[in-house]
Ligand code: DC
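Starting off, we have a lone chain in the form predicted alone, written out as C-alpha cells.
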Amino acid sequence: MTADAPPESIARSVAIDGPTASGKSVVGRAVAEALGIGFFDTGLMYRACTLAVLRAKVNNEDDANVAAFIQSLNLDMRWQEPTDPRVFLDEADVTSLLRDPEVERTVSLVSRIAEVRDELVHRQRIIASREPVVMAGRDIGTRVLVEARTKVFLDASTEIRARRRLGEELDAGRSTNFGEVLTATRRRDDLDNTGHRAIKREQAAADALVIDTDALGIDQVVEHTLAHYRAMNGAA
C-alpha cells in the first residue's frame, strides 16, 4: 500500500447515506449481517458525544468549548456481533443510554458544529481502517469513506420517514403521535441541511447507488445493496 492509498478495509467498507429515518440503520444491520462485518451507526457516536456533553453540563451553545470537550473524549465503537455496535465512553458501555429523550433533543445542536464533525470523521476513519464496516450516516460516501467502492444513498419522502420513526418510538414504549414526529423529522432535516451532509439525493456521492425506499420493503433494499456490493467488489 502506498502512502496515498487508503487501507483495503476502507475500500471494502459500505457507505450508506440518507436523511433521518430513511432506513439506514435497518438496512445497514441486515447488510452487515449478510457480509459478516460490523454495522457502524455514526449517529451513535454523535449521541454518545451529546450524552457526555449533557453529563458534563457543557453549554451546548458554546461551539468552541463543545468541540474541545469532545476532542478530549475517550470514545470508541466495538462489536461482539456484526449487527450490535457498542459505544464506549471511558471504557464504559453507554449504548443503552443513547436513545434518552434529552439526548434526542440535543444531538442536532452538537452534530451541527463543524469542529465536532471533523473530529468524529477522523475517529470514524480510524475505526474503519481497523476492519471493513457497513457505515451509515449523512456524509459517509461524500466525506468519511470516500474511497469505499460501495456507496448507497437511501431516499424517502418526509411523511414515510416520519411514519417509520413513529413506529420506532411506539415500539420503544415512548408516547408520541404522527404530528409530533413529523414536526421533529422536518426540524431534524432543517438542522442537518448544512450543505455538507448528504440528506437529499442531489447531495449523494457522484458514484453512489440511489435507492428510493418509499415503495420498497427492507428485504428488497438490502438485496439491491448487496448486489451493488458484489458488483463493486468483484464478488459472485
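Everything numeric here is computed off the predicted structure, so don't read it as measured data. Residue numbers here begin at 1 and follow the sequence given.
Unshown form predicted together with the named molecule; subsequent notes refer to it.
Among the residues Arg99, Arg130, Arg163, Arg78, the one placing a heavy atom within 4.5 Å of the named molecule in the predicted complex is Arg99.
Proximity to the named molecule in the predicted complex holds for all of Arg117, Ile140 and Asp192, with the criterion being a heavy atom within 4.5 Å. In summary, the region of this chain contacting the named molecule in the predicted complex, judged by heavy atoms within 4.5 Å and restricted to 61-69, 26-34, 202-210, 184-192, corresponds to 184-192. In the predicted complex, at least one heavy atom of Gly43 sits within 4.5 Å of the named molecule. At the 4.5 Å threshold, heavy atoms of Ser111 reach the named molecule in the predicted complex.
By the criterion of a heavy atom within 4.5 Å, Ala156 is excluded from the residues contacting the named molecule in the predicted complex. With a 4.5 Å cutoff on heavy atoms, Val107 counts as touching the named molecule in the predicted complex.
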